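Take a look at this single chain, the form predicted alone, given in structure tokens.
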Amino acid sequence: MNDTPLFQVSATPIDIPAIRQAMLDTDCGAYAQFEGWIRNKNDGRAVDRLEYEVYEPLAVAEGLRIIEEAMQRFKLKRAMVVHRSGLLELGDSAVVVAATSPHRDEAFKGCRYIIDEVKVRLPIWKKEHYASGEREWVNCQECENPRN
């Protein structure tokens, strides 16, 4: 693997082809990727854009722990996360999680584990900008009752 950090926060758009290239490994037969986008509705309210604030030192440290856990638990060969910070528009990629393994089941499970843990454990806050002109810091509803 090249010297790309396994977990990074980016103030610029995520380069998805570069992530795939960084994950490429001929020892692996499986590559799973999750990409989270900015959508136009949340809880019945029209959303124009989102804003993410990240406490980067802690987010990176905890993100690396999550990746290491997933690699051990699911026997992943590689895993990577890139999460955006700052103001994002509808359709922008907010987060990308990638995992490789010899077999697809581990890659899928590892990718799912990583995004679920990122949502629960990282110091990343989301402010929604609504079509009405209002703005509000919001909680991830699934994060309050994470699945096992």
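The first residue of the shown sequence is 1; numbering continues from there. Quantities reported herein were computed from a predicted structural model and do not represent experimental measurements.
Beyond the structure shown, there is the form predicted together with a further copy of the same chain, which is absent from this document and is the topic of what follows.
- Residue 23 belongs to the set of residues with a heavy atom inside 4.5 Å of a further copy of the same chain in the predicted complex.
- Under a 4.5 angstroms non-hydrogen atom cutoff, a further copy of the same chain in the predicted complex lacks residue 68 among its neighbouring residues.
- a further copy of the same chain is not shown here, and in the predicted complex it never comes within 4.5 Å of any heavy atom of residue 48.
- Although the partner is absent here, residue 60 is not a contact residue: none of its heavy atoms lies within 4.5 angstroms of a further copy of the same chain in the predicted complex.
- Residues of 92 to 131 placing a heavy atom within 4.5 Å of a further copy of the same chain in the predicted complex, in sequence order: 93, 100, 102, 103, 104, 105, 108, 111, 112, 115, 116, 119.
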